[in-house]
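Take a look at this single chain, the form predicted alone, given in structure tokens.
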């Protein structure tokens, strides 16, 4: 029986990091080919082609890297790959997954994975994660789910997944919704694919120019006890194109910050998300100054179920595509208001 073809690319990250001297500081050193050589049994799962796109810690990745990875994955599946696996560091893995998911328009799986432990640490889980990711990429059960994250034998939707622990191998969770599926006894078990929102238009500016000019720029500001409007106003003075506020509870800010929202929202989009880590912002419950009703009246947009980091990426993608104000508001409402779309638009 012919093995399915799966393409694997590496951007770097902990899974690729070793030290020159045992016990010393680690940095990205391993190529994609070297990663695959360390995975027992991979040859029995798929015919794998390896590419090394970058070798950096994930904190150094940017939007242009995401667009380059998107082009690589699209080329791979157009060339006949059953699916694609992207390896990177875990620090920004949840953000990369969601950004790619906004653009991914193929039924083939695009799977992101990495590792919490370096290859030189005891119990390094990188090879197991990579093997599980290839299994998912090659599986018919994973088709139609868009971009997923496979870690610790769990399959997570890009929209919900987040890194919830700094060092634990079970760091990736989907608060409120749980994983889409699991890899058990070499089998991929996943929920049926739900309808997905149509992919967003690609940025109007090519990736290399995005890197060069750094536009659009979207600030993410987390509010805290006693915080005034200074941070929000500084985003205007610094020339940002949009801002996401990680607000209290179900999307609330102080009365002082709400006053500033009126001015800032007249200049650029202001999106309000919840800093809690789970649950949705509200729209019609509270009416005091700084509540969700007050903020909507002042021109703010509510992120709904989207976590602040995901809301920032959605706003960035819409601004990069030069979306109109009406389109921007409509996309934020529908992609943030319902957990699962009921039908394709």
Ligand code: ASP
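Here the structure is a predicted model, which means the values were calculated and not measured. Numbering follows the first chain given and starts at 1.
Form predicted in complex with the named molecule: not shown, discussed below.
- With respect to the named molecule in the predicted bound form, the three residues 13, 17 and 91 uniformly fall within 4.5 angstroms at the level of their nearest heavy atom.
- In the predicted bound form, residue 58 approaches the named molecule with a heavy atom inside 4.5 Å.
- With a 4.5 Å cutoff on heavy atoms, residue 253 does not count as touching the named molecule in the predicted bound form; it lies far away.
- Although the partner is absent here, residue 142 lies well away from the named molecule in the predicted bound form, with no heavy atom inside 4.5 Å.
- Taking the partner from elsewhere, residue 115 is found to have a heavy atom lying within 4.5 Å of the named molecule in the predicted bound form.
- Only one segment in the set 185 to 193, 254 to 262, 72 to 80, 115 to 123 has residues whose heavy atoms sit within 4.5 Å of the named molecule in the predicted bound form; it is 115 to 123.
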